[in-house]
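Next comes just one chain, in structure tokens: the form predicted alone.
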């Protein structure tokens, strides 16, 4: 299998404390995997000409003057192609127009601006009719296809073979070492792609006004404390266990409420 074109999508992150623009770590991991994969593929065929070598295209849809893009240059991106979107443009259609002939698209799991949904890679894969693999830790090229190591809960892993073209979503725990170099930031280039095509968003409600607000604090779940030994906690992290409980079917509403009240008092979730 031959991969000629690899793309890594990057977004503008935001520092959780200061709010300053910075690189998004999830997207930086995707770009790091793309750089390593490109280097390995080109090392296999060192005699290939410059036109036949595999290339990594780093793309950003948004403001080309965003200060966060310089961080991606410092992390190894030699050039960043920017699609300067406006309020009337659809990000999915704009990216799909530029990535139609791409073999592999790497993205992070989600951006860092407020309540971002993380649906961009899924919508993009649907738009391009590409295969999609989520929660990827490692990406390797094999004769059978693209081998992806997936993250699974409780420390489990799974290897899958993906047929190209594909969109691979990188997990935040991917073992990628990020190195910041100021020299690369100075020599790197940020440019807009010459053939940009925008698709306006069809808004049925012309009077709709968008408002920005700070991220909402997530509610704290009411959970009973568990007094377990260290050995029991390690077992619960690797083995699915039955936590018990009681299913009350018979009885009236008062009796069922008494069962719930007894549980809350037993675990000191209420004090009356």
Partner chain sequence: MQMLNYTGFNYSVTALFWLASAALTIGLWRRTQLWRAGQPAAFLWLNLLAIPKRYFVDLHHVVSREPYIARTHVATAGGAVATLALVAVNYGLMMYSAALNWAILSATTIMLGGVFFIWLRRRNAPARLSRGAWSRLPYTLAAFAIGLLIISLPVPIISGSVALLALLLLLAGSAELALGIGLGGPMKHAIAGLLHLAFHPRQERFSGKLSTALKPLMLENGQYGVSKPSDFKWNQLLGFDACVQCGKCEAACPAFAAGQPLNPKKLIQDLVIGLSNDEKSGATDASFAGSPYPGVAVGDHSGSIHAPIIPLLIPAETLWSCTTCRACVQECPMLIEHVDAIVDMRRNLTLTQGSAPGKAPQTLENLRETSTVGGYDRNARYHWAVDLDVKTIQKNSPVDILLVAGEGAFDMRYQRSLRALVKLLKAANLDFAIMGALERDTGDTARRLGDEATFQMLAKQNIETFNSLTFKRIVTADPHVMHSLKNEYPAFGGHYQVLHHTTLLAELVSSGQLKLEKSTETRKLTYHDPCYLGRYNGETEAPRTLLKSIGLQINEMERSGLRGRCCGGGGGAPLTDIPGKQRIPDIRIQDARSIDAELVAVACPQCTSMLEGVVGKRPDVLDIAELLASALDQNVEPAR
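If you're wondering where the values come from, they're calculated on a predicted model, not measured in any experiment. Residue numbers count along the first chain shown, from 1.
Although it is not shown, the form predicted together with its partner chain is what the next lines describe.
- Looking at residue 81, you'd find every heavy atom of it more than 4.5 angstroms from its partner chain in the predicted bound form.
- For the chain shown alone, residue 184 is a contact residue for its partner chain in the predicted bound form, at least one non-hydrogen atom being within 4.5 angstroms.
- Remark: residue 71 counts among the residues lining its partner chain in the predicted bound form, judged by a heavy atom distance of 4.5 Å or less.
- In the predicted bound form, no residue of the candidate spot (53, 57 and 192) has a heavy atom lying within 4.5 Å of its partner chain.
- Counting a residue when any of its non-hydrogen atoms is within 4.5 Å of its partner chain in the predicted bound form, the hits in 14-37 run 15, 17, 18, 20, 22, 23.
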